[in-house]
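In the form predicted on its own, a lone chain appears below as structure tokens.
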């Protein structure tokens, strides 16, 4: 049984990952911003016989992130999955609209949640990861890659491109300590963000991501994967 920490666990891919790891018999620590509103997770907790616990975290708040480390104590963490994400405000093209200070504030919040937050959580749980020689997988997007030939999605693409580079740096720095770090494009998924006409379900995405995590080694640490296990150019 492995100890798994999952952010953004209340919906979409995060919730599907929680369910997938529970089926595998793992111990899951589910993190989300508003546990009181996470009804599906609460039902899973009630039926988990202690296999699943729910913890609050605001990925834009350092004290909230540090509290996760305090809650886990000295529990070894085998896998940290950074899934929590937001759009980051409007996705319009500059050719079609102008952006205001409110939009830029949304961008700053997006960087806190999707770039700085995963780094801070990895830092907060570093002793736990070291204890298990664990793995860190951050859900990114194909939009973060220089090969993405569409415009718009300014904040979302920038924050994900930044977290890719950040995770690569962590992979280099933590390799000698036995911790593997990677990023994964989850596919075009039927979530609130992807919409109902996307290509795959959250369950399919989660199964693929879990398989990628299972196969991740120190030799492949620092890679950017697709949900199907292929490497993603970036």
Ligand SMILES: NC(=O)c1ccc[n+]([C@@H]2O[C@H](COP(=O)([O-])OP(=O)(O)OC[C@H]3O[C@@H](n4cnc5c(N)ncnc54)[C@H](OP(=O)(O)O)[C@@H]3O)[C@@H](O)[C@H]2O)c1
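Numbering follows the first chain given and starts at 1. All values derive from a computational prediction rather than experimental measurement.
The following text describes the form predicted together with this ligand, which does not appear among the structures shown.
Exactly one stretch in 22-30, 66-74, 172-180, 53-61 has heavy atoms within 4.5 Å of this ligand in the predicted bound form; which is it? Selected stretch: 53-61.
May I ask you to check whether residue 203 falls inside a 4.5 Å heavy atom distance of this ligand in the predicted bound form? No, residue 203 sits far enough from this ligand in the predicted bound form that none of its heavy atoms falls within 4.5 Å.
4.5 Å heavy atom contact, residue 18 to this ligand in the predicted bound form: Answer no; every heavy atom of residue 18 is more than 4.5 Å from this ligand in the predicted bound form.
In the predicted bound form, is there a heavy atom of this ligand that lies within 4.5 Å of any heavy atom of residue 226, even though the partner is absent here? No.
Is residue 164 close enough to this ligand in the predicted bound form to count, meaning some heavy atom within 4.5 Å? No, no contact at 4.5 Å.
Of 146-164, which residues get within 4.5 Å of this ligand in the predicted bound form if you count heavy atoms? Result: 156, 160.
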